[in-house]
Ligand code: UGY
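Starting off, we have a lone chain in the form predicted alone, written out as structure tokens.
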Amino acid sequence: MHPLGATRSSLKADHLLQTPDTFVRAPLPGAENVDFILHATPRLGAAFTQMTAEFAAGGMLGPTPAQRFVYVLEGGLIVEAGDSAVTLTRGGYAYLPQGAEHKVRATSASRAAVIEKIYQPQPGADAPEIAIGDESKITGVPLMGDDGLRVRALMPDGPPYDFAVNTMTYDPGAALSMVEIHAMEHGLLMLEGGGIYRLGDAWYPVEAGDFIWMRPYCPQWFGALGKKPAKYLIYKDWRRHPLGA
């Protein structure tokens, strides 16, 4: 039955909850056999772009004027960069600096989270380098000493890098210990499980497949519900002065 306009999706001045029933797919220039769900873009007010790329077998991403981070959700991708070609499967990821020549091609029908951001150089810092990894090989670190909430850092950290991407896994009943309000902007894709997210002055049930954008200073809090862990992929801008200096 048609939901007659009902949806959990919500757009406010400081946040967006975008649920799969509202996703619209579109092509992007240069990409071959890939459909994109554009979650966060500058038209929303975001300083980055986050999308889900849905590849047919052999599909390929097009060029980008920005840095690119790719995280495999399903299937397999071949990433060619420099003198190497690496096959990534679920949980595999690649960071490709702005200007780095590369190709990303699907070995089969696949889905990936793709984050792109115009690079903000840090005076005196080295240039960022290509980074390829597998989330399953990273040890989760308890957040603020809570063993029920574990963070895995996927991006290299240091002055050359101006954003971070982590996964956060919550055991059932685990929650952030505080309502966070900060200068960093977030893009968040729910990967597994679900719970309750506070965004601004609103409280939302969320589940795997949902996307959330949070403007800087948006009050935010999450608690996991259900009988299995909740997990999400989260982006934030990082290591840069807010004045751009």
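Quick note: we count residues from 1 along the sequence shown, nothing fancier. These figures come from a predicted structure and were not determined experimentally.
Form predicted in complex with the ligand: not shown, discussed below.
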Practice prompt. Sort through 170-178, 125-133, 80-88, 107-115 and report the only stretch with a non-hydrogen atom within 4.5 Å of the ligand in the predicted complex.
Written response: 170-178
Worksheet entry | Residue among 48, 55, 213, 197 with a heavy atom within 4.5 Å of the ligand in the predicted complex | 197
Worksheet item: Going by a heavy atom distance of 4.5 Å, is residue 39 a contact of the ligand in the predicted complex?
Response: no
Worksheet entry | Contact flag, residue 16 vs the ligand in the predicted complex, heavy atom cut 4.5 Å | no
Worksheet item: Given that the partner is absent here, does residue 231 sit within 4.5 Å of the ligand in the predicted complex, heavy atoms only?
Response: no
Worksheet item: Quick one: is residue 64 in contact with the ligand in the predicted complex, heavy atoms, 4.5 Å cut-off?
Response: no
